[in-house]
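Below you'll find only one chain, the form predicted on its own, shown as structure tokens.
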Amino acid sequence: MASLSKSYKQQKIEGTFDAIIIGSGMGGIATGAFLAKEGKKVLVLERHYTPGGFTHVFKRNKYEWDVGVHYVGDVHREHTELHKMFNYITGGKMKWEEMGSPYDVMYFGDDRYDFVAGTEEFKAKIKSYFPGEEKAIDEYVELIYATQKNQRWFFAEKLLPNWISALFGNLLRKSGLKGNKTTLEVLEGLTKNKKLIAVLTGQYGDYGLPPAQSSFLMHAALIKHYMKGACYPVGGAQQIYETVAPTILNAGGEVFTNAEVKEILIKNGKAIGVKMYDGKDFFAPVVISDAGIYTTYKHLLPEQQKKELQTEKLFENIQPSVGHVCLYIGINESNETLKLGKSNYWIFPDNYDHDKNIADYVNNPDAELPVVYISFPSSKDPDWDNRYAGKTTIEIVTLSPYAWYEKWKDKRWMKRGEDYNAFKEKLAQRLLEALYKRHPELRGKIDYYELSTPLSTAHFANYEYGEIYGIDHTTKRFEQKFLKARTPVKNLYLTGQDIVSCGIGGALFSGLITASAVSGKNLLNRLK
């Protein structure tokens, strides 16, 4: 890893660059790699001590966990744009392992529903659980594909120069926003079966909003993404950064960690560089922010630009996405011995009402957990035993509002006090019990566990409210015209999940969109 990035605390930034990119998450490094393929030298500045954003891993007590990449769809099929983009920016070095079927398993109380790979296979499986709902299930899948197809026009508009967008943007957006209703509204137009709706929306945790609050545009994108199955990166999530970064470096670019940007420098209405927290300035003709819309507009822009853009008004129709906790578990036994499998678990209360369960939980932390997601990363990675023979890891995630942790926000990481630790431990034990219900044989075998909270996300990822998915994927979010690569500030661009959608796929596609906007070329034409 050291050879693929440098520490700003230890080495100086030297030379000139064609663009400065703030943040090394999927959107940032993808933008940098696409520009590098166009012969551009980019400087990537990462405030964390390790690069990669939510694609990085962390190690503790001889174990390793990913922090955000639990599974990815469509990368294993050579004709898909996602596969082609990864292939293009990594030189074909990024490898994926298919998870097989089922890739997701839904539990509502004791009821089980498998999500299997393949469109026809998926429909047949869901129909087997819900006889009499065959027509609704067929219409649902057809609508998923149609909605996703229409969204191409919506994202195409984000590629356009401002003057062309002013002429034709509304027409493209109108076509792309046809499905911009709540997920619940759309599904209730297909069926009145409450259980079927709950099952079909069981993956809502992948974008953070329950059916009555989420846009069907986001839901359709997510379901289509996994319709043909899911994969895990061979060698772990860190392989994403480690296969993309060489493309940036080979073009003369650099990636610096421990490099926190304080402000974007603006002169005569144009972005000209960045000011670091140590007071040093670095200049480039283009500045690209992968820091998220809130951080960029609220904290990195000078006061004059904030006033001109009326940033507070821009934020009236968007809001931060959900916070989460993740329990990282290590077991000192091999995957071969434990036989936990690759399937992810989604565990819900037995009332089949996602919206009610979240509302109850937000109002009362002791209420039944609305969703528990369990992932077995060491089982998914065929290279795991080459790095950690005889060990197994598990990750358990649930929603957790930032407001619950706000009273500890000003305390230092790892030193937030006994009351904070006690709150965490209570939640950790509840998550462990959810695991033991499905795998009672694991009780007493846990060698190590550690719980992260929204404060961890805020500390390491610089998301002010500990949000994991950037902006909430509501219907209002998709109506906002300013969520695009080009900003009103000349030579300042945005990339990352806020301008497309959350997840690896959304952030990767944002990299292509932003690099296309910067270069003035449609880089989709580069993909083969």
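All residue numbers are counted from 1 along the displayed sequence. Since the model is a prediction, treat every value here as computed from it, not as a measurement.
The same protein also exists as the form predicted in complex with a small molecule; that form is not shown, yet it is the one meant from here on.
- None of the heavy atoms of A36 is located within 4.5 Å of the small molecule in the predicted bound form.
- Heavy atoms of A230 never reach within 4.5 Å of the small molecule in the predicted bound form, leaving it off the interface.
- For V261, a non-hydrogen atom is located within 4.5 Å of the small molecule in the predicted bound form, even though that partner is not displayed.
- Under a 4.5 angstroms non-hydrogen atom cutoff, the small molecule in the predicted bound form lacks Y388 among its neighbouring residues.
- Residue heavy atoms within 4.5 Å of the small molecule in the predicted bound form occur in exactly one stretch of 112-120, 189-197, 286-294, 434-442, and that stretch is 286-294.
- Heavy atoms of no residue among R77, I513 and L523 are located within 4.5 Å of the small molecule in the predicted bound form.
- The partner is absent here; in the predicted bound form, the one residue of I471, L43, A485, V69 having a heavy atom within 4.5 Å of the small molecule is V69.
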